[in-house]
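The chain below stands alone and is given as structure tokens, in the form predicted on its own.
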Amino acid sequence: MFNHLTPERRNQLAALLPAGALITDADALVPYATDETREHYFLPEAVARPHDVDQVAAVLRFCHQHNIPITPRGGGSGVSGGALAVNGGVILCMNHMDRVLDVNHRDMTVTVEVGKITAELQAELRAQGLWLPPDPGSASWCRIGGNLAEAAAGPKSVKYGAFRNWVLNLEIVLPDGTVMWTGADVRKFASGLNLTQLILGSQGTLAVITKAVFRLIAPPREEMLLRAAFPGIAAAGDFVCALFRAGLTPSEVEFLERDAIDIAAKALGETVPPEVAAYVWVGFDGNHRDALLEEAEQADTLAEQQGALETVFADTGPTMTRLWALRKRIGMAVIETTPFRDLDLTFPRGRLADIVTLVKKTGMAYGFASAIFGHAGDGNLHVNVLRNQLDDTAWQHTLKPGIEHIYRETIAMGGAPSGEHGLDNHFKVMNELFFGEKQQKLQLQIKDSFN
């Protein structure tokens, strides 16, 4: 179906880029063959590293003309396989396009190239009194382009939304090399179909994003944090629902169940009392300290009413950092411990306990362990299925029906296969189950139009 990158084509492609910007050495290609799951492995034939949009367009045009598959990639921090060369061909690494092109203080917008590291952009904006709220856990090494392609979010999404809620406009390059902007740098847009939102979350399947224009806000002056420990998952889930029924507006509502707590605690060298089945963190931010204190006190009361074993409060930078430690450490702790599959389940918020119970019962039936954590406030949990000591047969075959069962039951609860990580290459059958034949056909027709 696709063509290979012959020596002649490789030389032609290299001529479109600066010296040294096309990687073809086998050893140098290896880091581009995997993502953060450390499970998938697809070695590309070459990695192109453009420095500007014209070079991106030239590479895409060349690959389009010669029917060579091309896969955009940023920091490689994804867990869905979206940045992997599953069909071989060329990886288009966008990391050299990392400039902040414009910070507009009057309109409160920023225009940035997609290779910019997320945390670096956030820090530069903060230093200028501006804020882009989405806060993915991999912010210190993920790139803006990956955040947009995979529809990333983070703990702050419960109050502020995901990255897609902050994008005003995108510069994109179509597969044939055409460069275009998808919209306008305005906060209201009702002119035709919204191509900006169509591109966001499309995992590089429709076009390559090269620049983004974000709207910004002023950062909050005050932040506070409450952590509640619960003896059971149901009580933790009831507490989360009670927060919103009470009219509170938390900036974060994060969750860890016991298996995840143990992994994070081990990484930190800490001990957590055995009676703690789950932790829930509730953050508050704003500009009026008294109002935040009132909301935190309400949350504390609600936690007690739901049977919390203890609540801990923090309102200074150092104390909040310490209180966040388990939650902030869990993602990297899993990466350091074992290969894993991340089921980025999203579901009606009130079904949190049902999801956790489903996963644990399924794991017992199919012989796998799991660590569950994530964004309880907007019904999105990361179910890390852990390889641990499973052999190849179990990891590649035996547990697959169990994972499919989890997906099916989540969809039956009114949920979806992914909330912020994109759709996993490994379980395409579940994507087919969720979308149905007609919607899949429509999406393929859209893909064909972009091609």
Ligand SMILES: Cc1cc2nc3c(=O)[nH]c(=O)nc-3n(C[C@H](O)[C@H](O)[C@H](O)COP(=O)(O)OP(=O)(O)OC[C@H]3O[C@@H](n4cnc5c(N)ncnc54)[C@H](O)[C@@H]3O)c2cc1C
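Remember, predicted model here, so these are calculated numbers, not experimental data. Sequential numbering from 1, following the sequence displayed.
Beyond the structure shown, there is the form predicted in complex with the ligand, which is absent from this document and is the topic of what follows.
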query: So, in the predicted complex, is residue 283 in contact with the ligand at a 4.5 angstroms heavy atom limit?
result: no
- prompt: Going by a heavy atom distance of 4.5 Å, is residue 142 a contact of the ligand in the predicted complex?
  reply: yes
query: So, in the predicted complex, is residue 351 in contact with the ligand at a 4.5 angstroms heavy atom limit?
result: no
- request: Please check if residue 227 has a heavy atom lying within 4.5 Å of any heavy atom of the ligand in the predicted complex.
  value: no
statement: Only one of 218-226, 363-371, 125-133, 326-334 sits within 4.5 Å of the ligand in the predicted complex by heavy atom distance, namely 326-334
field: Complete contact of 77, 114 and 152 with the ligand in the predicted complex (any heavy atom, 4.5 Å)
entry: yes
- line: As a check of understanding, the residue in 346, 251, 138, 196 with any heavy atom within 4.5 Å of the ligand in the predicted complex should be identified as 138
field: Selected contact from 204, 177, 379, 183, since only one has a non-hydrogen atom within 4.5 angstroms of the ligand in the predicted complex
entry: 204
